[in-house]
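Single chain ahead, by itself, as structure tokens, in the form predicted alone.
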Amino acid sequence: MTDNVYSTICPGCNFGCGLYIRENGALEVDFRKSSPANAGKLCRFGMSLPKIFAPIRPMVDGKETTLEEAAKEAAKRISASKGSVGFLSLGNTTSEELLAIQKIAESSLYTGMVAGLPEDTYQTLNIGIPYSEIEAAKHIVLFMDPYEQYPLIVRRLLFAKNKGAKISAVWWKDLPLADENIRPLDVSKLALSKDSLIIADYNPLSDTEQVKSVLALAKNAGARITFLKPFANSTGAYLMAKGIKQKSISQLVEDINNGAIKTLFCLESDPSALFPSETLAKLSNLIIQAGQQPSSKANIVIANEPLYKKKGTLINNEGRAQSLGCAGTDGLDALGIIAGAKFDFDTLNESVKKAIGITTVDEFTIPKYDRPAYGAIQASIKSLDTKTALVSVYNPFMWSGLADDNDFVELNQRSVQALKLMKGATVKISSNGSAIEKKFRVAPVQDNILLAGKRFGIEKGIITPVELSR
């Protein structure tokens, strides 16, 4: 293998898809058939990686500088803002860097955890089951759209179906591979047993009550459950942070809004996908350390190497440890400048292996994890408090701020006819005092629901009350 080819992991989600990145004038994506998570297959996001890894430059207040100078200036502003600094890390970098930022952040670390969930469910939420168990399941229940959110899971689902598995979908629109489609508000029609396997989505913007209700369904039926997650190292972020104090995204938004946080440092995490623009505008300093161009306008950009050049360890949704296998430590060195003390990679790497109980990082072996039972959960299914709602379906393109062709909404034929929409026209969507016009596509969606795989700027949570017109 030549020096311009990197064996790496896709940063689109926590599925853990292996691939090659080739630097050949322009970046190219090559398949890696030996990867146990995806066996060489990639979704359209994985094939779009050259767009994500566009060149990024270190910047301070709009002026280009060096990585070292950007990190030094970040260190000064963090020190000057002591007591009002927050550190955000969602898990889109190596486990070694995640350990480093914990040492810097102390009690001001904000992660992708969702507020209000019982602590005894954290292990269940954050470490999924081996994909082979999905293929062997007899009854699979989907509480998400695999085509839009985690495309590589579809192959596993089809394999299970070909072996006789029944697939139920509890979703806002009919899914082609499902044997039965149930709407989320009609979940009482779902029949579960100990042979059922529930697959759901868990992300920083997940609705707490929805997550609780899915956990309660699994608990009451004795069914297995696994949550798919965004960000390449979401599982690693949880495992590295076990036992330390961390805060939720909703707490960070509150802390910024009330002025408790004035300076925000983001490690390989783009806050524009998480926070309203009016919240980010309240910050005195936004510092982003990343290997890909952030969507948010930052006061300081510490441009380290992209993920595919990093040295370090990722842990996928199965709990499988994966080595990036490259030599880049610019990101870790920049964190050392901010900390005022250099971080030793080998020491951090040993801590990573100790945290997951392994002696060697081997992507073909899944470590054994404890799966403790969790207690009874009180949850209630929310009704729609509005006639029409926009439902956001979060996907890798949205989390990465990458331009996509999903700049439309989906609604059913009855809604199109009621609005008297013509082919090629747009639908006007009004909410929160704002209005936008979007293209639409007819799909088997629930009445009075619009589905969107792209953020439009009018959303207030996953489900947003809206009014439609033409």
Partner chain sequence: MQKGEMYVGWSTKEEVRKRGGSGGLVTSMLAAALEKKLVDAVVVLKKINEFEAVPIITSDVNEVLNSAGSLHSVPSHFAKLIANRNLKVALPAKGCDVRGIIEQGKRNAINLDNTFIVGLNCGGSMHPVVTREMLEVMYKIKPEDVHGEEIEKGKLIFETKDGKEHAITIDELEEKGFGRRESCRYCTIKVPNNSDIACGNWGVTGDLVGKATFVEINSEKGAKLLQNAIDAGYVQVQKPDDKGIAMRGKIKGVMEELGKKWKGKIFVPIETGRLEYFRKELEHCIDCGACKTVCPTCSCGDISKCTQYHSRGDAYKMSMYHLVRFLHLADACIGCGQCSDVCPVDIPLTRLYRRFANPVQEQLKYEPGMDMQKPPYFEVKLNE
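Only a predicted model underlies this, so the values are computations on that prediction, with no experimental measurement involved. Numbering follows the first chain given and starts at 1.
Omitted from view is the form predicted in complex with the partner chain, to which the following refers.
Query raised in the report: Where does the partner chain sit in the model of the complex: which of 60-68, 413-421, 427-435, 40-48, heavy atoms within 4.5 Å?
Result: Stretch 40-48 is the one.
Query - Partner contact for residue 190 in the model of the complex: the partner chain, 4.5 angstroms, heavy atom - result: Contact check for residue 190: no, nothing within 4.5 Å of the partner chain in the model of the complex.
Query raised in the report: Counting only non-hydrogen atoms and a 4.5 angstroms cut-off, does residue 147 reach the partner chain in the model of the complex?
Result: Judged by the heavy-atom cut-off of 4.5 Å, residue 147 is in contact with the partner chain in the model of the complex.
Query raised in the report: Could you tell me if residue 286 has a non-hydrogen atom within 4.5 Å of the partner chain in the model of the complex?
Result: No, residue 286 is distant from the partner.
**Report entry** is_contact(residue 152, the partner chain) in the model of the complex, heavy atom dist at most 4.5 Å
**Finding:** Looking in the model of the complex, residue contacts with the partner chain include residue 152, since a heavy atom lies within 4.5 Å.
Report task. Using heavy atoms only and a 4.5 Å cut-off, determine which of 358, 221, 177, 78 is in contact with the partner chain in the model of the complex. Result -> Partner contact (heavy atom, 4.5 Å) among the options: 177.
Query raised in the report: From first to last in sequence, which residues of 53-67 have any non-hydrogen atom within 4.5 angstroms of the partner chain in the model of the complex?
Result: Nothing in the stretch sits within 4.5 Å of the partner.
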